[in-house]
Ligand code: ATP
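Just the one chain here, the form predicted on its own, laid out as structure tokens.
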């Protein structure tokens, strides 16, 4: 039987404890063998909206944050591929490399409502089960029923953490403790990330 692999893609600018809570809960609830926090090289949906920290710095943050958490790993497929990052391409690459693996795309409730804007969404539907991580009482986003998705839902504690706020906090020198994993905070400080925000 093939391995069950979760792909949790994102900009992770910066990664925070909410991302890790979502990843470990999805892993547990669905008995996934591993969850790859896939760092977007060029997140096309943010292009022109705001400046994005370099991919290698964001990858270093994710790698530090997952550390030795069993079953979590930082993924750099999209960085190594270069250019804009599309989930369909990443899934196809993983399916080609590991044809016996069962793939799961882990997204937050807010992202699930925007799936119609994704490139090659039919390929995503074909290649993976959609895992919606939501907060207690939120229910399923509209537009997913009867359109070919295999959907699983995972409820996690309601953690209101904003990457925008974290970048501002880092720039102001305010503490990131307990919001960003300690090892990732060390990377932020060592590399001087977000100092110009």
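Residue numbers count along the first chain shown, from 1. The shown structure was predicted, so the numbers you read here are calculated from the model rather than taken from an experiment.
Omitted from view is the form predicted together with the named molecule, to which the following refers.
Shown alone, this chain has one stretch from 69 to 77, 121 to 129, 100 to 108, 83 to 91 that lies within 4.5 Å of the named molecule in the model of the complex by heavy atoms: 100 to 108. Contact check for residue 133: a non-hydrogen atom falls within 4.5 Å of the named molecule in the model of the complex.
The closest non-hydrogen atom of residue 163 lies within 4.5 Å of the named molecule in the model of the complex. Looking at residue 25, you'd find every heavy atom of it more than 4.5 angstroms from the named molecule in the model of the complex.
The named molecule is not drawn, but in the model of the complex it has a heavy atom within 4.5 Å of residue 159.
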